[in-house]
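Shown below, as structure tokens, is a lone chain in the form predicted on its own; questions about how it binds or moves come after it.
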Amino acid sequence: MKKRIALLGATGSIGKSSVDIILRDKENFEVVLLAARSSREKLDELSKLFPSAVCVLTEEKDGTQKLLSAISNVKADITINGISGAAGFQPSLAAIESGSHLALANKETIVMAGKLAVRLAKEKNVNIIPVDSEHSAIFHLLRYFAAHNTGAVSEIILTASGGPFRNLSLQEMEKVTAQDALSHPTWKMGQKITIDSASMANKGLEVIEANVFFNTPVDKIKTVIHPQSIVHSMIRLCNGAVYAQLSKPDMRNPIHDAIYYPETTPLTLEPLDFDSLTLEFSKPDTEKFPMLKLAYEAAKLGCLYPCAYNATNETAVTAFLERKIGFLDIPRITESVLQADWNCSKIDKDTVLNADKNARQRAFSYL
């Protein structure tokens, strides 16, 4: 029987890679839902490839509610959530509530309310499978090496490319433009995540995500700069041995692993050439990239601090892309908003959405 797939963010970078993987094995997959924010023409093109799929454009009137309703009704076996930012939070919960497994590229779901999502997934007996290359690597490394010994892993090591500004000084970073920040050296991604990579907010979000997703204390999560983006992440065992997952920087790898999970099947992408491979690693500079340090602090504080971190960063990135602020104003605004009290007695969907709204309002006030 074919796996029924709902593809959210179908016209973005994750969506395009997902379509490529699905079309390689049409005998085993059926796309039942395609969702995009504003690309009507591209969505129409995809509908020709998958004529039986329900199509939703969320930019239209009541688009979000239409999407949530469609997720509940299509009864997908697995939902690929490639929506960018906090907009992907409610669709993730809707997918889980519908009984669908979740292939999650939307890290904000876990950052905003990871414990809520994980608890709900357990109640519905579905899997959340990470699609971020780093968390996909950790997910499978833990599966292979720690399945029968949960105390074997002593540390998670997240790799980061360092983005386009890793060799610039603070003074030089004060003058960079949005176009400079969008020139990522190894990955081809959407605008928001590319800016996040340049500021290292993306790695900060991944630290928070790893803290919740893998139930690992923040002080056991390390970040290293690795410009080649070949090593996607590592785990250190209690005996000191380090295991890594290596592949070319291609999102089709983690997407493939997620939609076939728990099976391991062949994938014919260009293999690594070890004859000409150079790997570099270095320590991140949190003075130059304070968004990483702020993420560690938010993760330690817990409650709604990670949600506030994410909402403020999204607001500041939009302002930067609109040339309303400078690049280094992104961490300044985020630090300012995080100085508020984001403690809470419980975390549910409404509490999270209210915190997201309040953090954005505080960020706008700062602007």
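Because the structure is a prediction, the values reported are computed rather than measured. Note that residue numbering begins at 1 and tracks the sequence as displayed.
Omitted here: the form predicted in complex with nicotinamide-adenine-dinucleotide (NAD). The next part is about that form.
Annotation: in the predicted bound form, residues 162, 203 and 227 none come within 4.5 Å of nicotinamide-adenine-dinucleotide (NAD) through any heavy atom. Though the partner is left out of this view, residue 106 does reach within 4.5 Å of nicotinamide-adenine-dinucleotide (NAD) in the predicted bound form, counting heavy atoms only. Contact between residue 189 and nicotinamide-adenine-dinucleotide (NAD) in the predicted bound form is found at the 4.5 Å heavy atom cutoff. nicotinamide-adenine-dinucleotide (NAD) is not drawn, but in the predicted bound form it has no heavy atom within 4.5 Å of residue 130. Heavy atoms of residue 358 never reach within 4.5 Å of nicotinamide-adenine-dinucleotide (NAD) in the predicted bound form, leaving it off the interface. Figure note: of the listed segments 218-226, 75-83, 287-295, 170-178, the one touching nicotinamide-adenine-dinucleotide (NAD) in the predicted bound form, with heavy atoms no more than 4.5 Å away, is 75-83.
For the options 36, 308, 31, 316, the one in contact with nicotinamide-adenine-dinucleotide (NAD) in the predicted bound form, meaning a heavy atom within 4.5 Å, is 36. Only one of the listed residues (87, 267, 152, 142) places a non-hydrogen atom within 4.5 angstroms of nicotinamide-adenine-dinucleotide (NAD) in the predicted bound form, and that residue is 87.
Shown here without nicotinamide-adenine-dinucleotide (NAD), the chain has only 251 in 246-278 lying with a heavy atom within 4.5 Å of that partner in the predicted bound form.
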